[in-house]
Ligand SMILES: Cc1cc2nc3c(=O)[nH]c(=O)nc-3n(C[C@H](O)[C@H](O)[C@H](O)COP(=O)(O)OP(=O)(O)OC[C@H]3O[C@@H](n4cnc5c(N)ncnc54)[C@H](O)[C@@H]3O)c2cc1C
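In structure tokens, one chain follows: the form predicted alone.
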Amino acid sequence: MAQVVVVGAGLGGLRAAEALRGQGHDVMVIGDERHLPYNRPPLSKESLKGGVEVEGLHFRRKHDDIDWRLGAAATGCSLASRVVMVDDAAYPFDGLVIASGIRPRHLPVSGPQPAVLRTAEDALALRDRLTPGASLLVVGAGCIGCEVAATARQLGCEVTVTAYDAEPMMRPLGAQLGAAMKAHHEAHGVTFHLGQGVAEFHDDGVTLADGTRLTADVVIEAVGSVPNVEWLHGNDLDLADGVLTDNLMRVLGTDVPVVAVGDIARFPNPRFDDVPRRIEHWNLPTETGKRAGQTLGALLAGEEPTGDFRPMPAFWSDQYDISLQSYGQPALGEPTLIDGEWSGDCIVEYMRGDEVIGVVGVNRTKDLMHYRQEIGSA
């Protein structure tokens, strides 16, 4: 059987590796972290609280004969020669899975880089500093930033959040629901400075664009992500925003059997339209990993992949006693409150024309289940 190399030891890499090993291929997985694949969402919640170590977050693995090469990142790749480089070592492949994921984005401003939260080591380092009475400044008001803010308040920290956006979680939720979430955080003692960019980082805080100086014992930056594509340079692939693939996760721009999965893959989803997008939702690595395994298996057998891949993006976020649940792509639509109040438990549909393109529920998880079948089914 074929030799497959999977670059990236996260959830997407794991699911693709399992699918290909299940077909009988020899599979090697290269990962930059020293850990086996683990669940990341608890890093901003339970792990920061000290209740979960990384070993408790490991995913169950279906195969014990996959070759794991952990603790060193891929440094290069030649599709023409079909090799992946890790420093001075070269690993040949018949088929390649690109699963190298994302890393935290840093703002292009001067000063020392703040802490970030992406890995188990990041969570461990922050956990030791988020002690009762410590002050925390969160730069960025997306889901990760808001989850860290909520966790830190529960740990007894004083918390300030600053962001360029006018409301927290503007992109996935919209202004009205974002404003409601801001009010929830303020009711728990979080202070916000929104609508201003960061001009400079300091060891003890930031200076905002309007000259405001914010100080804290701990500063964490949570302003988005950057795809890990540098190791793929020189192969004439479209790396403008992740790795461009077709609908079945086959990488475009090469005849070599290569697929991409997870946060790094930019692919069209006919459930919504034909525009390729990267989607950083928790369920997509599993969905794309399994589909990519099928596609690569077909390519290695000399067959043309078939099918219609229509995954349903989903995410959730737990903050205090609030549980946000979403299906579809709310960021593509305009929010319409259909049940409840913006400030309380509610259901918000996101409309593109007369089509429901996404939905978000606040403490209404069970009431959203039917949307999984309805969104994009027309």
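Residue numbers run from 1 along the displayed sequence. On a predicted model such as this, the values are computed, not experimentally measured, just so you know.
Quick note: we don't show the form predicted in complex with the named molecule, though the next part is all about it.
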property	result
Contact stretch among 60-68, 344-352, 328-336, 28-36 - heavy atom within 4.5 Å of the named molecule in the model of the complex	28-36
Three-residue site 9, 74 and 101 fully in contact with the named molecule in the model of the complex at 4.5 Å by heavy atom	yes
Contact assignment for the named molecule in the model of the complex, among 340, 50, 311, 41, heavy atom within 4.5 Å	41
Partner-contacting position among 118, 127, 106, 193 - heavy atom within 4.5 Å of the named molecule in the model of the complex	118
Exercise: residue 221 in contact with the named molecule in the model of the complex, heavy atom 4.5 Å	no
The named molecule contact in the model of the complex: residue 167, any heavy atom under 4.5 Å	no
4.5 Å heavy atom contact, residue 231 and the named molecule in the model of the complex	yes
Contact flag, residue 358 vs the named molecule in the model of the complex, heavy atom cut 4.5 Å	no
Partner contacts for 261-292, taking the named molecule in the model of the complex and a 4.5 Å heavy atom cut-off	261, 262, 263, 280, 281, 282, 285
